[in-house]
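So this first bit is one chain, no partners, the form predicted alone, shown in structure tokens.
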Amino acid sequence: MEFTLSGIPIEKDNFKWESSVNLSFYHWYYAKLDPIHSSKDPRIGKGERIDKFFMTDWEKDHDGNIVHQAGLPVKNKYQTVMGYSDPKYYLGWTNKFTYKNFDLSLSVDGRVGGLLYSWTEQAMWNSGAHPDSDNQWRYDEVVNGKTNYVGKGVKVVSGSASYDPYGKVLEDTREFSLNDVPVSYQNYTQVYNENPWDHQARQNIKDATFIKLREVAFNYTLPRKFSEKLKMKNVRVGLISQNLFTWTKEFRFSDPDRGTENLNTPTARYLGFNVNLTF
């Protein structure tokens, strides 16, 4: 569905403000499933959205803490649904301000919600290039030869757990205590953020919400008497810029605007000069 509201909030002798607001969204649903060949996963069914974000999470205790074994985080054996990949909605706002022969156009747009995996973030952690990996634990390991990193979470001290084929807990008698096993910081980081080709780590799946100042254009139209002296009907000159500002909710090193994230380059900012001549 798409909704657009356009109007002229202000119009005076020499000034005019035209504005338009747009909001749209789309979702796909399963209308029906083949009774023989369709997945028997109870999370997929008639009337369900098809953009559920399935991912392999970390093993968790009853309170949501990551389970460790020998000091390293343990991956869950079953995929879970984290949310949806499609945004809740897209939005846009365009404006044009005209004063005598000057006009200023401004447009803002973005998306709200929806999950997107950041290949860039995970690759940076895995390779040791992430700025946040430059910390005391890394220094202690490289300079002082220490392996003193203790991951936040718990370890199993007794009991076991059993699951159905889709990861639903059937029985869980595990008892936990705080993880207190020191390990190599590099080893822990590369397990927690393994090669992106092999596993999309839970912590690198992020909210793709962003707002972007898409375009700003400032123009001046010469008075007709001057353009006629130049043997032209109209002369219009101006400055134009695109992607002046981008705000993201969780993405730090790449632009979620593309809808996919695989070592994307940062947002490019464009500045230009326009000359429009009408004969």
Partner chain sequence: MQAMKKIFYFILSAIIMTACGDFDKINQNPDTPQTVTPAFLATDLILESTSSSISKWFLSDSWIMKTTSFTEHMEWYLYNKFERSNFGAYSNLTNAQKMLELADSNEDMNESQKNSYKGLYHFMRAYFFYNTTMEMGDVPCSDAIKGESNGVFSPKYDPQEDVFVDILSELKDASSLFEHGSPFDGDPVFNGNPDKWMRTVNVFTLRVLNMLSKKVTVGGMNVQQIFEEMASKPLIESEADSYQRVYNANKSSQWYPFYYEQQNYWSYPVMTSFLVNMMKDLKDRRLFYYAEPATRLSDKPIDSYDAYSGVNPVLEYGQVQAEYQAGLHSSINKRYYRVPQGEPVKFIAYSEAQFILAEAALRGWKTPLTAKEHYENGVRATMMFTFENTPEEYRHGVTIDEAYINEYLNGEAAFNESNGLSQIMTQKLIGSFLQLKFNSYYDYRRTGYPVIPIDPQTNMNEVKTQLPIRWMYPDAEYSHNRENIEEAIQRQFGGSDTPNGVMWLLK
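Numbering follows the first chain given and starts at 1. Each form is matched to the other, and the largest set of C-alpha atoms that superpose within 1.5 Å is called the rigid core. The structure presented is a predicted model; accordingly, all values stated were derived computationally and were not measured.
Although it is not shown, the form predicted together with its partner chain is what the next lines describe.
At the 4.5 Å threshold, heavy atoms of N144 stay clear of its partner chain in the predicted bound form, well away from it. By the criterion of a heavy atom within 4.5 Å, K96 is excluded from the residues contacting its partner chain in the predicted bound form. Its partner chain is not shown here, but in the predicted bound form it comes within 4.5 Å of a heavy atom of P165. None of the heavy atoms of K231 is located within 4.5 Å of its partner chain in the predicted bound form.
For its partner chain in the predicted bound form, the listed stretch (80-88, 127-135, 104-112, 181-189) containing residues with heavy atoms inside 4.5 Å is 181-189. For the residues R49, R224, K40, K32, the 4.5 Å heavy atom test against its partner chain in the predicted bound form is passed only by K40. Relative to the superposed rigid core, the position of the CA of H37 differs between the shown form and the other one by 2 Å or more.
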